[in-house]
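Coming up is one lone chain in structure tokens, specifically the form predicted on its own.
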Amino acid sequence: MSWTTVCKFTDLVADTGVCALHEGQQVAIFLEKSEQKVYAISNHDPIGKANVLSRGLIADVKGVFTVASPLYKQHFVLATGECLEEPEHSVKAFEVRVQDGEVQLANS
């Protein structure tokens, strides 16, 4: 498997998203504070039809870390991309790792 560096770990702020470009598409990257785990999902909100998920708020919904879209507030699971309110509008989740201080996403 090959990996692409999309940002430095130090670019991330806990419980806040950043946007990066990976294989021609925008990806929302989040550092979840309590577990210090990095997640990556598509930045495109399929309901609001805009690239905004990196600006959403991280929330713990029944023990599952999610991001709430800033547009219509649907919750997307950070680990899987599933939309809790409307599963038919789920987004892609990316395999992510931190290697030598760099955040890397798996290539397709």
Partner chain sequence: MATKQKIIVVGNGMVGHKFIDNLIHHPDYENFEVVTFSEEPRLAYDRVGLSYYFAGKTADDLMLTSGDYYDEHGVRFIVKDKVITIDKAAKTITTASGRVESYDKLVLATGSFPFVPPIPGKDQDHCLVYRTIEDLEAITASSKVSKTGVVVGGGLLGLEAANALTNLGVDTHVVEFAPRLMAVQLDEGGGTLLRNKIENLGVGVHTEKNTKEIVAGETSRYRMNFADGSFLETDMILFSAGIRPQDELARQFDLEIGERGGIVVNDSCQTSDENIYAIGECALWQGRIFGLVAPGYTMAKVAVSHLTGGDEEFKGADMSTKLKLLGIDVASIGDCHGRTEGSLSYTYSDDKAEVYKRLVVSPDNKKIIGAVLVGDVEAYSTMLPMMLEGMDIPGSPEAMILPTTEGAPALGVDALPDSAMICSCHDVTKGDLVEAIQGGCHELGDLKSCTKAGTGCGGCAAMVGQVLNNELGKLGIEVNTDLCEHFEYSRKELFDIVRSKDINTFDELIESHGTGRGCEICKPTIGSMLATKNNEYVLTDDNISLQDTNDIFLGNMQRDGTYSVVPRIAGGEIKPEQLIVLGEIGRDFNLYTKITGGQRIDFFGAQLHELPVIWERLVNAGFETGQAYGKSLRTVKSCVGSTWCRYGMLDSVSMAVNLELRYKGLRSPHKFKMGVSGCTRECAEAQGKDIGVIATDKGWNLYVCGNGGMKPRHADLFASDLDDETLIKYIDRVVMFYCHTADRLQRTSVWMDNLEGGVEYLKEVVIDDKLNIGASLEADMQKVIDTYECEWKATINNPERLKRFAHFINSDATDDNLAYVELRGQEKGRIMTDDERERAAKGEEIIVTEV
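From a predicted model like this one, the values you see are computed outputs, not experimental measurements. Numbering follows the first chain given and starts at 1.
Form predicted in complex with the partner chain: not shown, discussed below.
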Are all three residues Val6, Gln26 and Ala59 in contact with the partner chain in the model of the complex, where contact means a non-hydrogen atom within 4.5 Å?
-> yes
Is Ser42 close to the partner chain in the model of the complex, meaning a heavy atom pair under 4.5 Å apart or at it?
-> no
Would Thr16 count as a contact of the partner chain in the model of the complex, using a 4.5 angstroms cut-off between non-hydrogen atoms?
-> yes
With the partner left out of view, is Val52 within 4.5 angstroms of the partner chain in the model of the complex by any non-hydrogen atom?
-> yes
Would you check, heavy atoms only and a 4.5 Å threshold, whether Ala20 touches the partner chain in the model of the complex?
-> yes
